[in-house]
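Okay, so here's just one chain, in structure tokens, the form predicted on its own.
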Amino acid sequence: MNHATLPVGMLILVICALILFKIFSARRGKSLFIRRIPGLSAIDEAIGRATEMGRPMMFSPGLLGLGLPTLQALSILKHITTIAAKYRTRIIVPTCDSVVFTIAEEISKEAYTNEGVPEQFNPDDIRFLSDDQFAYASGCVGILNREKVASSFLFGYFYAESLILAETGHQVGAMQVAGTPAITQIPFFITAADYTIIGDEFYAASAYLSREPTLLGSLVGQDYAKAVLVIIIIAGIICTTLAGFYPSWHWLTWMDWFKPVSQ
């Protein structure tokens, strides 16, 4: 490792150590604080609303295949389906990918089985609509209108169809919770949905909802690592600025610390 990569390597070690420390702390039973995320906290409220009204819910995992955003959406689906099975509430899951369809079906079936009501699982509620963007959107619009959906969950990666889905949900009176890493679609969800998961909150959802120690520790450890990075950046800016005004203070520039000593 040369002098240029040494500080980067040291920083990576510090970040990894922070994350591992928090993971081990959580697994030992230490309580870790995560701030309240209104959109994720509203999920239980949306499920309860559908249960009280005796109407179904709809969960859309987005327009991507089996990628990171879809996997995160499926982890949220697992949480929602488990509660839906507990309350005997129907949930419809339209998909646009055959692999996602199979996984969503298995997740739902397992949730009902774990709650002791496997007979409540209806395979017809897990639907493959189309892999075409607007054909899929049209199918979801049809479900929202025909089924009189009480609550709609839009989690995953969306494109131009995001406003179509959210606006239709608003028109049918559904309570909507949406989340996506697609920053170009977030404004549409903020406008039409009741609650919107923004930025890193989308990827924090699985830890926030499940409270699984490994995920929880990893999430908190990453937050500490971000704080360390911010402190280093601010300190670097200050030191570099001072070294620019006072050349004799060049030793404040952190890169000088790692320069090899001249022979």
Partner chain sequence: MYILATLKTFLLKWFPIFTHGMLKPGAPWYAWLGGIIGDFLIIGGILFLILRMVPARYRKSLIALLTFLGGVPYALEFFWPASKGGDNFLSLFVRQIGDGTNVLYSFALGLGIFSLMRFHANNLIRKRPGWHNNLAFFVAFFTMMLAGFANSVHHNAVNSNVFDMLFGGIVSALGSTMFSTIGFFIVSAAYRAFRIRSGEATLMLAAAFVVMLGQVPVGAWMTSGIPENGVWANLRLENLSYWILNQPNMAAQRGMYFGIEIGALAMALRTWLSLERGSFFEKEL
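Positions refer to the first chain, counted from 1. These numbers were taken from a predicted model, which means no experiment stands behind them.
One more form of this protein should be noted, the form predicted together with its partner chain, which is absent from this view; the next part is about it.
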In the model of the complex, Met53 touching its partner chain (heavy atom, 4.5 Å)
no
Evaluate Tyr112 for contact with its partner chain in the model of the complex, applying a 4.5 angstroms cut-off between non-hydrogen atoms, and reply yes or no.
no
Verify the contact flag for Gly199: yes if a non-hydrogen atom of it lies within 4.5 Å of a non-hydrogen atom of its partner chain in the model of the complex, no if not.
yes
Flag Ser41 as yes or no: does it have a non-hydrogen atom within 4.5 angstroms of any non-hydrogen atom of its partner chain in the model of the complex?
no
Counting only heavy atoms, which residues in 136 to 168 are within 4.5 Å of its partner chain in the model of the complex?
Ala137, Ser138, Val141, Ala160, Leu163, Ile164, Glu167, Thr168
